[in-house]
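Form predicted on its own, single chain, as structure tokens, below.
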Amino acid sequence: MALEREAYRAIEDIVGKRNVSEDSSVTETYRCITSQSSAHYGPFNHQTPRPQAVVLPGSTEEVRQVIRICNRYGIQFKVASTFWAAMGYVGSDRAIQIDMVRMGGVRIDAKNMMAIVEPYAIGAVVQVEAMKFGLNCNMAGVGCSSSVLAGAAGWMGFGPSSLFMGIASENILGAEWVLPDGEILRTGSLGSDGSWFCGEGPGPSTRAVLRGWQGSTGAMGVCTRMAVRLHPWPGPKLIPTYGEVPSYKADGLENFRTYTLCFNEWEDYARAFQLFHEADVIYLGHRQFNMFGRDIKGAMLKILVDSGGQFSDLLPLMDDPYVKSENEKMKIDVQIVLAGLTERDLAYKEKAVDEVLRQTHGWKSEFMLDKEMRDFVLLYLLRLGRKNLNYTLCSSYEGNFGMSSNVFVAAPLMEEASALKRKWEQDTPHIAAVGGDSDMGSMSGIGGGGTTGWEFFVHFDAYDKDSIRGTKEFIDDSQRWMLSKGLGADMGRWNADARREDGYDYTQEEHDAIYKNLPQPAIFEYQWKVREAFNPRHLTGSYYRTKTPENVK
């Protein structure tokens, strides 16, 4: 369904001919196969609709005018920056894709410890600019190539550093937000005196409408600028790296220590998390390298830190007595980073870690104390710059389980979850066998402690229909397991109620049918009222979940 000529020309007048296209060679690239999303479906031929045009605005005013054109002609729109998954793509045939690639500005306000960012300012850039002033930003677990603003306004935004720095929603200050009707809302202090330092006062807020807990995934307009809180960085203004891919190292990080902490029992593991939350000494905490599978992670790390390492070395390394023994000791582990603001500060934190380990019968992995290994891990965790390693074992992966409950609830179930995944790896040819327990994730999903954020990596072949279909069946099974344990939806189904299996948006009637039997349908009725106030023409898709109230016809 092509756009009306006058609508297309109006958009062209706003952004310029070079920044809008309806050519199929362009629009076809703005589609996402739904087997690679946070709602894993399959089979192979299901993908998001093709947008009728792709628009690249260069300013807030251009965004506002484009959205007003959409309202005038009844055209749906969806905004995205780094396009991590299907949630960033359009959901209907009469829709345009707004790509924020031209808006990547970053300005650091060192005095007030904040960064004012545009949508395409990725974590790597914001972090580099902040470090020049002795500051750092929370890096979402998705990695440094993702948008800082999108993590704050659009999605979860928690990562390894969230324990110390808070998740994205905790770091939102003032925001400039183009609403779905084309009006501009400036939140907090930005809306009163033009300064960025404050998001909201106490009580209900527009920030809650913008993102809530999860984020609105571009379904409530376009956030064009945002101030995010920054945090102390006691390292160098520039991290000079050296080495060959992927075994990069860096000098000048004497104020930092990284350890892999190991435990005999999950109960001790959970207790250590509690004590670290209370002690407030961890700069960064993450169970990172389990993504390879705990049976092979030691051998994989030996390959990665050696610039001449090859995957053909995997089996010999797994048979090496030392690697095998040390790998077994890392069965229940977590990587941490300590940051010392002074020498005494670092010494105190070292002692605090040792005391927690004493109380929980834990230890520091000797294998991970090797200097080459330690330098590799430290830079990896601080920058999250090599997320392509997620794809090492297969062409595609999904995060599933997503055990995001309190650590004392999730940790005791880890072995049972691992056994379920291992059974599917061994009994079917659909997903790659990676060593059973492949769960990885942050020590905390919220600043100072609280939820965890563990996902298992499920590796499959996105170009093989049987592999996609089999992976879907596995996630269906793990979803049943999650619900039976009272853990909520499986991570691979977090957006199953937001986009249909065929790649299109749900209708309101379909959402009503989904939500009417929930224990608390009033939540979605409340969101319906919010949607009606902010997005009366329903132009931004069904990722904003709503249920029509019973008394509304």
Partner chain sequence: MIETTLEDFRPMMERCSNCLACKWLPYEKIESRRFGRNCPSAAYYSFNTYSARGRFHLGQVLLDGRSEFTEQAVEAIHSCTACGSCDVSCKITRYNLEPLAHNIALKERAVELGKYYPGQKAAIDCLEAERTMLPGERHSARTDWAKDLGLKDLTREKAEYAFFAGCQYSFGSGLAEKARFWAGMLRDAGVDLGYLGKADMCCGGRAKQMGFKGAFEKQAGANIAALKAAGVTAIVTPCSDCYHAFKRQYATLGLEVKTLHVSELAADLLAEGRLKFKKSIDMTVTYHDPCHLGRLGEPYVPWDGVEKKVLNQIHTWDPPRPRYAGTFGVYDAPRSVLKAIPGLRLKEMQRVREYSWCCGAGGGCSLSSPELSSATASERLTEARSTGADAIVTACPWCLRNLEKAVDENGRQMKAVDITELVALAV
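Remember, it's a predicted structure, so these values are computed and weren't measured experimentally. Positions refer to the first chain, counted from 1.
One more form of this protein exists, namely the form predicted in complex with its partner chain; it is left out here, but the text below deals with it.
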item: Location of its partner chain contact in the predicted bound form, chosen stretch of 297-305, 320-328, 277-285, 360-368 [non-hydrogen atom, 4.5 Å]; value: 297-305
item: Whether 115, 334 and 337 all lie within 4.5 angstroms of its partner chain in the predicted bound form by heavy atom; value: no
item: Of 177, 380, 164, 273, the one that lies within 4.5 Å of its partner chain in the predicted bound form (heavy atoms); value: 380
item: Position in contact with its partner chain when the complex is considered in the predicted bound form, options 71, 145, 406, 189, heavy atoms within 4.5 Å; value: 145
item: 4.5 angstroms heavy atom contact with its partner chain in the predicted bound form for residue 244; value: yes
item: is_contact(residue 20, its partner chain) in the predicted bound form, heavy atom dist at most 4.5 Å; value: yes
item: In the predicted bound form, residue 520 touching its partner chain (heavy atom, 4.5 Å); value: no
item: Close approach of residue 124 to its partner chain in the predicted bound form, 4.5 Å, heavy atom; value: yes
item: Sequence-ordered list of residues in 308-330 near its partner chain in the predicted bound form, where near means a heavy atom within 4.5 Å; value: 309, 310, 311, 312, 314, 315, 318
